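For reference, the chain that follows is the form predicted on its own, supplied as structure tokens.
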């Protein structure tokens, strides 16, 4: 059992308040988030006494990599073990390959998105989600959230000055762990740390209306994504039992109050399931529902896993759905499926590891 505190749980200001002299906090942040060190002993410009004190009170390695799966599309899925033996998943998504000029010089660097978890398991219990199968264990601390990205950047030799996009779309409901998620956003955004600006961070929620409003009051500048998946309460309650507490109207009302940057839109994620929510009548209702909201709809192919009753929709039906919305002025894209040849759906890798024990 871990008795030491996780140093990544601390903002730079908190760290500066806990060590003296305070300027050492910036140096420590540099070692952790720029040099990706795994021990305090590697922090060469710190006094020996300070390194010993840090070692006695803190850990810089709260997660341990258990497994990684590589997809042919460049995606990599990670399973991490926490100090109490629980495991969580994170995914590195290659959104764009490196491109070169004719002379061999680099035209564009790779573009990455990292999908991170905020809880061990999840309370929401969506019918289509494998994470819910294992039940809810606990919230992650801010440091455990942050460490997922640090380890992924380290493992893939992604330099500190290379920006990535973050999506809180892994295991768990981020707004059910609002305090730690908000803190992790601030740690990620610190210019002396990973410097991942808040406009590069997207928080996805299943629709906890009251907490959407609380997140908005934080005025972080993050992007908001709503896991909608259905256009009427009856179907949504079947797919997402949480809709009984937070119905569609309450979600839409909360979204209308959420502060959105002039250049941004609220994203509505719509997981398309064959013969469940993939027909044009659903598209018509969705168009009406989002009327007056500066929004973008992201259509997502259901990613099948063993034992599920749900099926992946056809490409033709996906395109019909998209075209109906686009032709009527609603910004709509189809998310390119990643990691179909690995355990890419949330909870799959963890479930495999657990079943093997």
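None of these values were measured; they are calculated from a predicted model. Residue numbers count along the first chain shown, from 1.
If you look for the form predicted together with a small molecule, you will not find it shown, but the lines that follow are about it.
Across the proposed site, 114, 156 and 165 without exception lack any heavy atom within 4.5 Å of the small molecule in the predicted bound form.
Exactly one listed residue, out of 213, 192, 110, 269, brings a non-hydrogen atom to within 4.5 Å of the small molecule in the predicted bound form: 269. The partner is absent here; in the predicted bound form, the one residue of 201, 87, 204, 177 having a heavy atom within 4.5 Å of the small molecule is 204. Contact annotation for residue 128: at least one heavy atom lies within 4.5 Å of the small molecule in the predicted bound form.
Contact check for residue 143: no non-hydrogen atom falls within 4.5 Å of the small molecule in the predicted bound form. Under a 4.5 angstroms non-hydrogen atom cutoff, the small molecule in the predicted bound form has residue 173 among its neighbouring residues. At least one heavy atom of residue 305 is located within 4.5 Å of the small molecule in the predicted bound form. Shown alone, this chain has one stretch from 250-258, 182-190, 78-86, 204-212 that lies within 4.5 Å of the small molecule in the predicted bound form by heavy atoms: 204-212.
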